[in-house]
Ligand SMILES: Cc1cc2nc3c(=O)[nH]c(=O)nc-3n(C[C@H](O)[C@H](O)[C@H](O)COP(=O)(O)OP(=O)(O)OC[C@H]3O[C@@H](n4cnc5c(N)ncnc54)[C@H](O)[C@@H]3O)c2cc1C
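What follows is one chain in structure tokens, specifically the form predicted on its own.
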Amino acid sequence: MSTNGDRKRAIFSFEIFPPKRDMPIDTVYRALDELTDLEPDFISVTCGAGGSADGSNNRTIEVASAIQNKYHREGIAHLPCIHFTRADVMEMLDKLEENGVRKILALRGDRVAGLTPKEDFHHASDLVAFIRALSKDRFQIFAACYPEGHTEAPDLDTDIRNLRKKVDAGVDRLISQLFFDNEFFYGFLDKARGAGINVPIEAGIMPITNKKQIERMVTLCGATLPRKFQRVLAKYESQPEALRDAGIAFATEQIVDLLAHGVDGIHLYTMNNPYIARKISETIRTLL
């Protein structure tokens, strides 16, 4: 990826998820074989709901370490803290550092039915402050932000005030939750900068390729579906390949517009699908 004149180059990164504990881990490595060929700036690895309670964090560490050491790309480990103790976090940090992984996405994480949260970390800002105090500058800390506001926040302004606290605790870079209408992101960006949040902010983009995926994402994060995409869904929902291609085209159009507006980066939620990542990468490569 080359620099265009004196313009700052936008970061281009991917997110993947490790398979569940009872599933073969080879599936994620097959995806990584192709994804790393696209030369992303980094690849983040999610951590399953429940954290250390179900052992999924071990696979997060394993995959992030493989990205770093086998595939020679930058790996980022997701660290959702609501079900972790301080001892859990310290153990994970030690393992990550041993494997050369120095980037962490610090998250509160989702509440899990039947699983009682630990009392050590109530918010992502608590985790950020803990990691920063413990490790100083040995880790680069990423955190999440929400262009339409967190689903539990009363309004966007309140959410941005909380985001400022998180950034002030020691965040180096932000990655946004997915969105489908760029105007929400631009409005959020203006408010964030106005609130004194000056760290780089990457735009999180998820290519929607099937109806169930859309319904799940809208339910989970409250993202607004533009009428333009609703029309696409209505036309192609019974044609899987057509909907996939339409979803790729919609996401690509979003990314082109974001890059034209000079965003700090694009974080592509790949859903472990190299085909989708490659199609988008091939189109936008020269724009980065």
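Note that this is a predicted model, so its numbers are computed, not measured. Numbers follow the displayed sequence, beginning with 1.
Below: the form predicted in complex with the ligand, not depicted.
- Note on the partner interface in the predicted bound form: the residue among 193, 216, 138, 165 having a heavy atom within 4.5 angstroms of the ligand is 165.
- Contact with the ligand in the predicted bound form, defined as a heavy atom within 4.5 Å, holds for exactly one of 175, 205, 92, 171, namely 175.
- The three marked residues, 108, 123 and 146, each reach the ligand in the predicted bound form, with a heavy atom inside 4.5 Å.
- Of the candidate stretches 180-188, 98-106, 67-75, 207-215, only 98-106 has residues with heavy atoms within 4.5 Å of the ligand in the predicted bound form.
- Within this chain, residue 132 is remote from the site of the ligand in the predicted bound form, having no heavy atom within 4.5 Å.
- In the predicted bound form, none of the heavy atoms of residue 197 sits within 4.5 Å of a heavy atom of the ligand.
- The shortest heavy atom separation between residue 46 and the ligand in the predicted bound form is within 4.5 Å.
- Although the partner is absent here, residue 14 sits far enough away that none of its heavy atoms falls within 4.5 Å of the ligand in the predicted bound form.
- Contacts with the ligand in the predicted bound form, taken as any heavy atom within 4.5 Å, map within 258-273 to 269 alone.
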